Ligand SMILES: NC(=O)c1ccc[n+]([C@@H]2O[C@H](COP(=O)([O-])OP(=O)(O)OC[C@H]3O[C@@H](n4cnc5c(N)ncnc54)[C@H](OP(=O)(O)O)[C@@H]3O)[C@@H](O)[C@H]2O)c1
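Taking the form predicted on its own, here's one chain by itself in structure tokens.
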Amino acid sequence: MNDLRLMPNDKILIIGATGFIGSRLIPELLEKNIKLRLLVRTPSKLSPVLMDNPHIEIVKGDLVKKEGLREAFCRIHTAYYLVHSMGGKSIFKNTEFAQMDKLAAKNFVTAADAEGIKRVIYLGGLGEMGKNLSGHLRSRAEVADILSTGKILATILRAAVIIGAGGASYEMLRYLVERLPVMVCPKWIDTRIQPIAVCDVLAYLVGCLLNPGTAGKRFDIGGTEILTYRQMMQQYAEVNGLCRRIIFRTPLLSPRLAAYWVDLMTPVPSGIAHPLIEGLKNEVICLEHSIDQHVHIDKTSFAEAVRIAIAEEKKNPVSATNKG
């Protein structure tokens, strides 16, 4: 694996640099003195600080339309693949977005192989393939499989709910708990989940880049606890100084109806809420822990992740409607 080691002049490509994870990953890599290239559809979404940074190159392009790929991929050591469609404002667009995700992944593999990129690091989702797997989680698994078909070595990280200010999953949890002291929820409220703090996700992403031994492997990543969504809600309320929430479980609330309910009660559009809610029917916990052999981090508890997110929200309010 010596030829996979990162050299001082190597450049790293981030695809999805304006999203929830990508925008947070940029400063983490810059702190390591890593040179970056960002492939973005709308460069104006980047802050002026990034635009003027001498260690960052910006290429305007689009994976689906195959625009700007040769320029973006030229002489790149490793690419971070951090794009994944959640859906639009309407739940009826979800199937269309899943097809676009697969097309984008195929276009990436073709362009990356042509330019000789050595590695790709992809952040996907936990969930085992089967007939009951939600469309959202199935799409993430399919993208992981596509990225693994090329000549480049793919590192696949699989995470469940990521806790961080601006993330759609966290914002949905936050607004439901803060606005509804009494809730009627579907049966997925008691599905087991292994949430992970966004700072831990970033540590794993950086750690995998710096450790060539992670190339060509798949890892489950999760936090310190396995919780139900009900327990996550109650812990959020406790950390935020709110009274204990009263939650009733009903089998009558379908994912579609629940998505419209979330759309009504939170800033998260139904098109984004629907795949998230549908995914909650699947148990998403780490089935293996081999990542710990390669990347060692002090994991953040769920309660601490919530405290950090609340502090970030107060310092810099964000909206889940425009974050990935």
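Residues carry their position along the shown sequence, with the first being 1. Everything numeric in this text was worked out from a predicted model, so none of it was measured.
The same protein has a further form, the form predicted together with the ligand, not shown here; the description that follows concerns it.
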{"query": "Candidate from V239, A203, I162, M233 lying within 4.5 Å of the ligand in the model of the complex - any heavy atom", "finding": "I162"}
{"query": "Residue (of R218, R245, H77, H84) lying close to the ligand in the model of the complex, criterion heavy atoms within 4.5 Å", "finding": "H84"}
{"query": "Whether G150, I156 and T214 all lie within 4.5 angstroms of the ligand in the model of the complex by heavy atom", "finding": "no"}
{"query": "4.5 angstroms heavy atom contact with the ligand in the model of the complex for A305", "finding": "no"}
{"query": "Contact of Y122 with the ligand in the model of the complex (heavy atom, 4.5 Å)", "finding": "yes"}
{"query": "Contact flag, R140 vs the ligand in the model of the complex, heavy atom cut 4.5 Å", "finding": "yes"}
{"query": "The ligand contact at V64 in the model of the complex, heavy atom, 4.5 Å", "finding": "yes"}
{"query": "In the model of the complex: members of 25-54 within 4.5 Å of the ligand, any heavy atom", "finding": "R41, T42, K45"}
